[in-house]
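Take a look at this single chain, the form predicted alone, given in C-alpha cells.
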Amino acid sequence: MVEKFELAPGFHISRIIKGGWQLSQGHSADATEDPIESMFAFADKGITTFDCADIYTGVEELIGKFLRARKQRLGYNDDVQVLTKFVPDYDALATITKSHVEKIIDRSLRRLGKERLDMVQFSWWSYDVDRYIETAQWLHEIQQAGKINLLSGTNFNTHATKQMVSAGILLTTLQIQYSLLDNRPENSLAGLCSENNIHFLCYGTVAGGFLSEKWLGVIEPKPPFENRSLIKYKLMIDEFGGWELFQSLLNLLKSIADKHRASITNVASRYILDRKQVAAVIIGAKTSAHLEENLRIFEFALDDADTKEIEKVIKQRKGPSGDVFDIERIKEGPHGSIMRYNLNQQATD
C-alpha cells in the first residue's frame, strides 16, 4: 500500500519516511517500545526509508543495529534506505577542512555499518560564513570516491541552492519544512528545484502534532511549553495568523478527514504529498503506535473540492514570509534562539 518514489535510477524511497530525531538521546527516554523492533514494524509495513543525522545523538548507531538485525533475521537489508545528514557545528564553519568533513562521513559509515552512505544531506547554519560551496564540493569529491551514493541538502534557500547548482553540485533532494502552516517552499524554491530535478523531503508537515484532533477546539496554549518542538511549531502558528485562524483550519481538516474516514494528520500530510516537487514526508515517531493510522495516507485522495476549501482558508495566512529557513537563521530571533548549533562531536568516535 505504501507509495514509492524513484529519486534516482534504481533508488526508490517510501513516501513516508520514518524520522529519527525523536529517537536521539534526551528525547527517547520515555519510549515504551524497543526502537529496533519499532523499525522492524515500519519496514515490514513498507515504510523502508529512515532519516537521521550525525547530530542526532545515538540514532545512526541504532539504525546500524537495526540493519544488522534485519540482515540476521531476514537474510537481507538492502530494501532499507538510510538518509543521514552532515551538519557541521556553527562554531566550526569558518575553519572546516576537507579532512574534517571526511572524518565525519567515515564516522557515519562506521555507525551505520555501511561501505557507502545511501544519501548525505548537507546543512549549513550561516550564510555569513561563505564556505558552503567549498564544503559541498568536498562532499562531492567524497561522493566520487565511492563513500556517498546521493548528495542532497537540508534547509537551503533558493539563492544558496542556485549557487550550488551553478557550481556543479548535483543535489537529489532538499529536506525542508513544508506544511499547511508553512508554504515558504512555494515562493521560489519549488520553481528552481523543478528546473533542476531536485525533490523535497518534508519535515514539520503535521507541525509537531499540532495538526491533529488533539488540538481541535483547545484554548490557545501559553508558555512554558513541554519541549522545543512545541515552541517551534507554536511560533509557526503565530506566523501563520494566530490561534483563531489555526482553529478554522483544523475544523475544515476535520470535516474533510471525516469524509474520507481519515484523520486531520492524514489530510495535512496528503495535501503536502500532492504538492509540486514533493517526494516524501517525514513522520517523527518514537514507536509504531500510530503506524496503522499513518498508512491511511495512502488509502484516499483529496478531490478538487477538498483542495479548494483548504486553499480558501490558507490564503488568509499572514505568513511566514520570505524563503525557506531564513527566519530560523536569525540566532537572536524567536525561531533561531531555540536552535542548538553545536551538536556535532569533533572527535571521530
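From a predicted model like this one, the values you see are computed outputs, not experimental measurements. Sequential numbering from 1, following the sequence displayed.
What comes next is about the form predicted together with a small molecule, which is not displayed.
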(message) So, a 4.5 angstroms cut-off on heavy atom distances: do all three of Y178, R317 and G336 pass it with respect to the small molecule in the predicted bound form?
(response) no
(request) Give a yes or no for I283: in the predicted bound form, does one of its heavy atoms lie within 4.5 Å of a heavy atom belonging to the small molecule? (result) yes
(message) Residue-level question: is K71 within 4.5 Å of the small molecule in the predicted bound form, judged on heavy atoms?
(response) no
(request) Please run the contact check for S38 against the small molecule in the predicted bound form: heavy atoms, 4.5 angstroms, yes or no? (result) no
(request) Check whether K232 has any heavy atom within 4.5 Å of a heavy atom of the small molecule in the predicted bound form, and answer yes or no. (result) yes
(request) Could you work out which of S108, S212, T135, T172 is the residue within 4.5 angstroms of the small molecule in the predicted bound form, going by heavy atoms? (result) S212
(request) Would you mind picking out the stretch of 199-207, 137-145, 216-224, 240-248 that comes within 4.5 angstroms of the small molecule in the predicted bound form, counting non-hydrogen atoms? (result) 199-207
